[in-house]
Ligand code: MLT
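Only one chain comes next, encoded as structure tokens, the form predicted alone.
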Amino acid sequence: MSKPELSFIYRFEPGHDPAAPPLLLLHGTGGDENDLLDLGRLIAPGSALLSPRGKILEGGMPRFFRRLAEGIFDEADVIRRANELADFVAEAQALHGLAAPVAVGFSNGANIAAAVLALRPDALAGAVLLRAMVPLSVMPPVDLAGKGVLLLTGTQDPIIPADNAARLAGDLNRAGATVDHKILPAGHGLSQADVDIAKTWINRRAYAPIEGSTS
């Protein structure tokens, strides 16, 4: 059930595998706290799932931050909301006894996850960014050493320019993250390949952490 006692409305499902990392599930525009629960169960069956609802409404549709137009973000709001989300993660960790989670974000949720990595890296153990864009025009100086990031983009995505996704991968890589950027024959929506790759990546990070960086 939804839990309004913290700073976000959210869903929480306890994990049953102590070795599996908790997941922070971040929906896309128009989604809610229920949207990515099935995805979380598929890609990390033993993980605790923490799934907040974005507080911003755009035409009645929940989002995690404001935008000025398609692909043009209100960066002051991005910064504010990323810090707000990081604070929520700390609240939920204390309440539920969680380690730092791996964010799994889709579209707007992936963008806010990337912003949290850039601004409050200690809030996350890593991230799966599904159809993400660069959230901030200037990447803050940040040390992401030890953070794993899986970035999945689609060749037929009409929303995410290929060079923008490549720039995000480069920004995170230069900040020290272990970045695995895969480009799939897909559009903006998720495919079975996204599920399979994310599941393999999370298993690899959970049970045999990797070092180094690929792009």
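The shown structure was predicted, so the numbers you read here are calculated from the model rather than taken from an experiment. Heads up: residue numbers just count along the shown sequence, starting at 1.
Omitted from view is the form predicted together with this ligand, to which the following refers.
(message) Counting heavy atoms only and using a 4.5 Å cut-off, do T153, D196 and W201 all touch this ligand in the predicted complex?
(response) Answer is no for this spot.
(message) Although the partner isn't part of this model, could you tell me whether N173 comes within 4.5 Å of this ligand in the predicted complex, counting any heavy atom of the residue?
(response) N173: no, not in contact with this ligand in the predicted complex.
(message) With a cut-off of 4.5 Å between heavy atoms, is F88 one of the residues that contacts this ligand in the predicted complex?
(response) Although this ligand is absent here, F88 would stay clear of it in the predicted complex, with no heavy atoms inside 4.5 Å.
(message) T178 versus this ligand, in the predicted complex: is there a non-hydrogen atom within 4.5 Å?
(response) T178: no, not in contact with this ligand in the predicted complex.
(message) With the partner left out here, check for me: in the predicted complex, does some heavy atom of R67 sit within 4.5 Å of this ligand?
(response) Answer yes; at least one heavy atom of R67 falls within 4.5 Å of this ligand in the predicted complex.
(message) Which is the contacting stretch out of 80-88, 108-116, 93-101, 138-146, given heavy atoms within 4.5 Å of this ligand in the predicted complex?
(response) Result for this chain: 108-116.
(message) Using a 4.5 Å cut-off on any heavy atom, which residues of 72-99 would contact this ligand in the predicted complex?
(response) Going through 72-99 in order - heavy atoms within 4.5 Å of this ligand in the predicted complex - there is one hit, F73.
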